[in-house]
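As a starting point, one isolated chain is supplied in structure tokens, in the form predicted alone.
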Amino acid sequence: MNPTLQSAPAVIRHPDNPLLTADDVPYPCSLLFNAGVARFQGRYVMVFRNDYGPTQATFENDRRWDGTNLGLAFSDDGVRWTVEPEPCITLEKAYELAQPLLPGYDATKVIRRFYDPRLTVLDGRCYMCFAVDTIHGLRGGIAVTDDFDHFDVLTMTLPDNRNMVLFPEKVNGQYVRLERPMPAYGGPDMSAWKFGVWLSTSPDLIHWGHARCVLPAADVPFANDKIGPAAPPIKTERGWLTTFHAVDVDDARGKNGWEDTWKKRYTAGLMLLDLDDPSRRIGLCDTPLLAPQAPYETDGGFRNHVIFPGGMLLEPGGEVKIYYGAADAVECLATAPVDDLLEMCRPEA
């Protein structure tokens, strides 16, 4: 695996990076990252993951987070953000939201963490995919809101599934999502297929099926471990422009963040899906869209050498804004012309 992966030349990191850090949050926050971003009701909105508890100086002696919640921020230009005074979803609120989908169970005894939001505006409403740790395993869910104060959880998957993102419109009358099921068993070829990007469809955002694998890990030259969805896709004339995250592992990596060892590197990849059949991949970039290079991606974070896109927006002038978590610690922005991104996707039959 190439030890010096580079970002695509067309991608420019914003000079104000990182856009948001723990210091910008007016309540306890240790790490701010993996945010979902959308344009909604005339402004930019961000819902971010907030892990709070130990600092870098105290982490080695206390490896438990006090908790995780979802913070909320707004912006007029997508660059300068104002964080709201309180989280929009705490663990206590997550219990309340999920309880209707847990008949016969007490949500306070089932749910352990509610995190990693992804935002999609669909039919005038804002939908949020999320991950939730439960006693049964890791589940993905979809919630909807009109004001980021009141949420309704529509559905949660079977264990184990995560990294879900919704397409911003129906395709052939069906809602569409990308996801990453997490298989526990398999034969000798399992490593080539594990943790790939899958696609499912639904008539109502509640009942999902017709699942197909869109991108296995074996098809990504810069991954040797796993891949999965990243930001929700954007629609272009040539197809659904879609990011994914890719992981390579190097056992030679030592202490690379707050932990004793961190052997993984996360990069962002890019593919193009067919407009009428998004389960059909029509383009793939053989090299990373974004690879860890900037200091806030490689040094001083919780887990260094990590890039994870959670939001991608196509602006009217053709600029694509790519919002990403860096080093599991801060939230950043990169931009690129949409035409350049499309050209990066090598055509596939």
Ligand code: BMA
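When you see a residue number, it is the position in the sequence shown, counting from 1. Note that the structure is a prediction, hence the values are computed from the model and not measured.
From this point on, the text means the form predicted in complex with this ligand, which you will not see here.
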- Would D24 sit within 4.5 Å of this ligand in the predicted complex, counting heavy atoms only? no
- Query: Taking the shortest heavy atom distance, is F308 within 4.5 Å of this ligand in the predicted complex?
  - Reply: yes
- Closest heavy atom of Y323 to this ligand in the predicted complex, within 4.5 Å or not? no
- Task: Would you please decide whether R281 lies within 4.5 angstroms of this ligand in the predicted complex, comparing each non-hydrogen atom pair?
- Result: no
- Query: Which one of Y266, W258, F114, F244 is close to this ligand in the predicted complex, taking close to mean a heavy atom within 4.5 Å?
  - Reply: Y266
- Task: Would you kindly say which of W240, W262, W198, F148 lies with a heavy atom within 4.5 Å of this ligand in the predicted complex?
- Result: W262
- Message: Given the stretches 283-291, 314-322, 298-306, 24-32, which is the single one in contact with this ligand in the predicted complex, using a heavy atom cutoff of 4.5 Å?
- Response: 298-306
- Select from 140-173 the residues with a non-hydrogen atom within 4.5 Å of this ligand in the predicted complex and write them out in sequence order. R162
